[in-house]
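There is one chain below, alone, in structure tokens, taken in the form predicted on its own.
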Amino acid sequence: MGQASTRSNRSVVYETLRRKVLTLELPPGASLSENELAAALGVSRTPVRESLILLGEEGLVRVFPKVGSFVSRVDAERVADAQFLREAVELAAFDDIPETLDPDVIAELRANLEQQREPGLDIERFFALDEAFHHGLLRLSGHGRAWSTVVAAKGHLDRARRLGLHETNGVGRFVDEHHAILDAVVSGDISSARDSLRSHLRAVFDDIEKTRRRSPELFAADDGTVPVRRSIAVWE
């Protein structure tokens, strides 16, 4: 296998495993077997091992010597850091929104909001629409390319957001907030848009606390807890 093919293989495995972690298909605390993952993905152990190292560098996977590798539990401090970055970028972008808005982007955002109202929308579909909506707001300001930087930095935040969406009863509140933000932007009331966006983005912290109270095992402890590998991983 050539070097380029090896890199491509590793990239596919990494992106697949990262997506499974972020979408909670591999939930916080889940044990990760190189052999099982390699068999499931139809690859050798090498790209799996390399991908787990990369995910470890992001803090999404933890490796415990002589115990094994596990999906990291949600770290509130990492979530707060990612939220800080996201909020800083998205709020700053409002300063550069022009007086004349791009009609094509506005039309896309309106259509996006209509899709968010569709009955029976599952969490992953809403999450994708939510991402596209916030990217669209950045595009209005001419900073659409900054979204990739935000996405790369918010893996921990995305897991927390998904946990929060599972905790809440429906997504109507978030859709209403999106409407309020866009309406303020279109009317030229950037100050209100900024305030609404800030409150909207910070709502994740309330959702995290609700989830933590119900499922504390999903969150990182401050006591150096090490899991014990059994037929089912147990954190003690």
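None of these values were measured; they are calculated from a predicted model. Numbers for residues come from their place in the sequence shown, where the first is 1. By rigid core we mean the largest C-alpha set that fits within 1.5 Å across both forms.
Unshown form predicted together with the DNA; subsequent notes refer to it.
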* To do: Please state whether all three residues 47, 66 and 69 have a non-hydrogen atom within 4.5 angstroms of the DNA in the predicted complex.
  => yes
Residue 10 versus the DNA, in the predicted complex: is there a non-hydrogen atom within 4.5 Å?
yes
Report task. Check whether residue 34 has any heavy atom within 4.5 Å of a heavy atom of the DNA in the predicted complex, and answer yes or no. Result -> yes
(message) I'd like to know whether residue 39 contacts the DNA in the predicted complex, with contact meaning heavy atoms within 4.5 angstroms.
(response) no
Report whether the minimum heavy atom distance between residue 54 and the DNA in the predicted complex is within 4.5 Å. no
Only one of 25-33, 170-178, 198-206, 183-191 has residues with a heavy atom within 4.5 Å of the DNA in the predicted complex, and that stretch is 25-33
**Request:** For residue 71, state whether the C-alpha moves by 2 Å or more between the shown form and the other one after rigid core superposition.
**Result:** yes
